[in-house]
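Laid out below as structure tokens are two forms of one and the same protein chain, each shown alone and named structure 1 and structure 2.
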Structure 1
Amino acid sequence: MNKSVFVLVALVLAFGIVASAAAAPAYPSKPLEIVAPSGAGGGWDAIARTLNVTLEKEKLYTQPMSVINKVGGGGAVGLAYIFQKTGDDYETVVYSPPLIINTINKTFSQNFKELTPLAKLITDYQVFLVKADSPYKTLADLLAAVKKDPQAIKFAGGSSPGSMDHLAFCKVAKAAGIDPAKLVYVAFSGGGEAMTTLLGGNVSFVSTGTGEAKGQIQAGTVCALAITSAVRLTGDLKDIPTVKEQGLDVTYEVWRGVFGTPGMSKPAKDWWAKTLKTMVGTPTWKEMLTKQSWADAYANGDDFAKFLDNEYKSYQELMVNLGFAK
């Protein structure tokens, strides 16, 4: 009898060990944190929360999940946090072009290339706006005027020089053979402020994201000379010609993607590759994109990594030219 009890116990134990050994690699088995490197309400926060809601609603991530805001330093606080968690498979973070820009200008002390790119998710584009009664009717008009006298044409954006609003037009100008360092940029603390300065006739044009421009474009107070997408958008903004169709081979994407920690394990990486691919096809995700007027720009981890390499080179070149690279 003693013996049989022993055997039974041994069997149960053995089974338990085997079972738990089998369960260990089954990712995910723990709560997940999605880090938003901005405060609630910012762009990074919006994508982090959308990701959270979709994964939960579509039952793709069955463990608890939360978005945490690591605010400060244009994303530096969030990046420092993620690097502290190196190798942790249950930490993810969302970023956009400032990840690259702030690496090149040395605002970030870490190298973003050590992060594990999981997927590029969505993208937004820049538009160049003039007042409805402006003498410039096309991008070519505007560029010709800038070429003639760069000092006379001032343009405004909603962020510091050397960040997206500024760099987007610099990239276009450079392709048109204009030295971007000669452009005169006025920085405002938000696209809305830049827009009212345009409407008041204080600057010639504004470079801003489509989200901020939409209302004014529809109201007819401003006219969008060009959008930086590869092909025209559909929907409300379908009438805006691309930079490309106006003869310059330039696109500018304000992408947003999700990353794992440096040194994320292979099983976790594989799980995310599969899951995010499924996620972008779900009705919840699609509904969220329409609601926020975001364009789907899904690319898997490997393609995303290649994309980031190209972006890095392009930004590096532009920012060296402008003196922002350190």
Structure 2
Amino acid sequence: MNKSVFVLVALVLAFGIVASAAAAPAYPSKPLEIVAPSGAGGGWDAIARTLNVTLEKEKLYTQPMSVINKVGGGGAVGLAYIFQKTGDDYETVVYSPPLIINTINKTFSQNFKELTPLAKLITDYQVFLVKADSPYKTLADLLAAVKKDPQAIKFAGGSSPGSMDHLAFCKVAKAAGIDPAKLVYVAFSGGGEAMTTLLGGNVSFVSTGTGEAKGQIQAGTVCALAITSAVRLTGDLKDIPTVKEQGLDVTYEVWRGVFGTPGMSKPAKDWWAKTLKTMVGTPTWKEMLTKQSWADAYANGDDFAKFLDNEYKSYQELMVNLGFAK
């Protein structure tokens, strides 16, 4: 190949590369799917739809968006779906502690660490509820009864044995010197069913998230004996004492965050990093947090990844100690 032909080929190739780069549309240029790995009305669905509404109302994502519900397996169906979309920059998914819990107990076959953490968004907490006319007026009253006869004091939750509602009270019981293995936990498919069972007098108390408890607390049908936050919340839940202020150094956080697919591109990750940081400062987002009684817990993707590593270690230790994992 003579020199002039070589130069011509080089110029054509260079022009092709530049033209290709110039033709690549800026992110985002396509519709977005936000996957909620549960049915409508649950915590994952709520955070997915809050994310959708805020991005749309604040005009932060200018392409069409939709929330799709992938139900089943405690989030396993949703996770499998996201792994099928590996490398797709227009698929996101929301998760919370079951992402880690179900990895440790082998419910999930995929490794959640392959997902792309985009941001930790909010934190919810657990509350322990009794009927308004319950003989247990404080957490100490309840723990004393459980310690005296663990088999007689049944409690319910809207998650499976070894998951959040169960583990939250196990952690408190263990700190109080009660063997968590002796607790009697009744699992339901949702917090609403657990609440119905409590109001029907079939269990002594319920362990559930604040979002699911708020309505019944405000109606006066139940009494919240304790919340698992480090300090008292404000607003509608300000009168609920923390576990810590009642003498047990225990907290339990129900975080929720958003992830991209495994292999999400750097331009997409960079766009989400900037956009989500902006989003959590908007009036729409703040209004939605107040409405849901969620605490702001924003952390960027890198900090979220470090948080998840620590959560994995903490849950693994807890679940091994309680006999829910090896």
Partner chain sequence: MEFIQHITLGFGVAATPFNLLLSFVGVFLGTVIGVLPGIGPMTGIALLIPVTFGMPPASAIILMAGIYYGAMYGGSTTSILVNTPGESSSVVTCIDGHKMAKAGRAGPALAAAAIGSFVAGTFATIMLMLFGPLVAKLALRFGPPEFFSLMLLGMTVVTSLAGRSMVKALFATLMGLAIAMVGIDLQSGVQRFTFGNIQFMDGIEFLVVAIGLFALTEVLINLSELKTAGKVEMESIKGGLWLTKEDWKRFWPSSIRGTLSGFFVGGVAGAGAAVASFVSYGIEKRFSKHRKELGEGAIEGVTGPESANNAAAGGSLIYLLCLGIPGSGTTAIMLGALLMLGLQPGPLLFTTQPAFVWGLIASMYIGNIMLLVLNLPLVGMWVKLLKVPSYLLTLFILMFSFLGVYTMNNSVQDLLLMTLFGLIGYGMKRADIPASPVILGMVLGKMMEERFRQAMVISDGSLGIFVTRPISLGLLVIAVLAITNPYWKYVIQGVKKLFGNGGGATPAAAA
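Owing to the predicted nature of the structure, the values given are computational and were not obtained by experimental measurement. Take the two forms, find the largest set of C-alpha atoms that superpose within 1.5 Å, and that set is the rigid core. Residue 1 is the first residue of structure 1, and the numbers go on in sequence order from there.
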Response to the item:
Properly assigned, the form predicted on its own goes with structure 2
Worksheet item: Can a Cα shift of no less than 2 Å be assigned to Glu212 between the two structures, given superposition on the rigid core?
Response: yes
Worksheet item: Do you see a C-alpha shift of 2 Å or more at Tyr185 between the two structures, with the core held fixed?
Response: yes
Item to complete: Would you tell me if Pro135 moves between the two structures by 2 Å or more at its C-alpha, with the rigid core held superposed?
Response: yes
Worksheet item: By how many angstrom is the CA atom of Ala168 displaced between the two structures after fitting on the core?
Response: 2.4
Discussion item. Could you state, for a rigid core superposition, the Cα shift of Ala144 between the two structures in Å?
Written reply: 8.3
Fill in: Per-residue C-alpha deviation between the two structures [Lys154; rigid core superposition; Å]
6.3
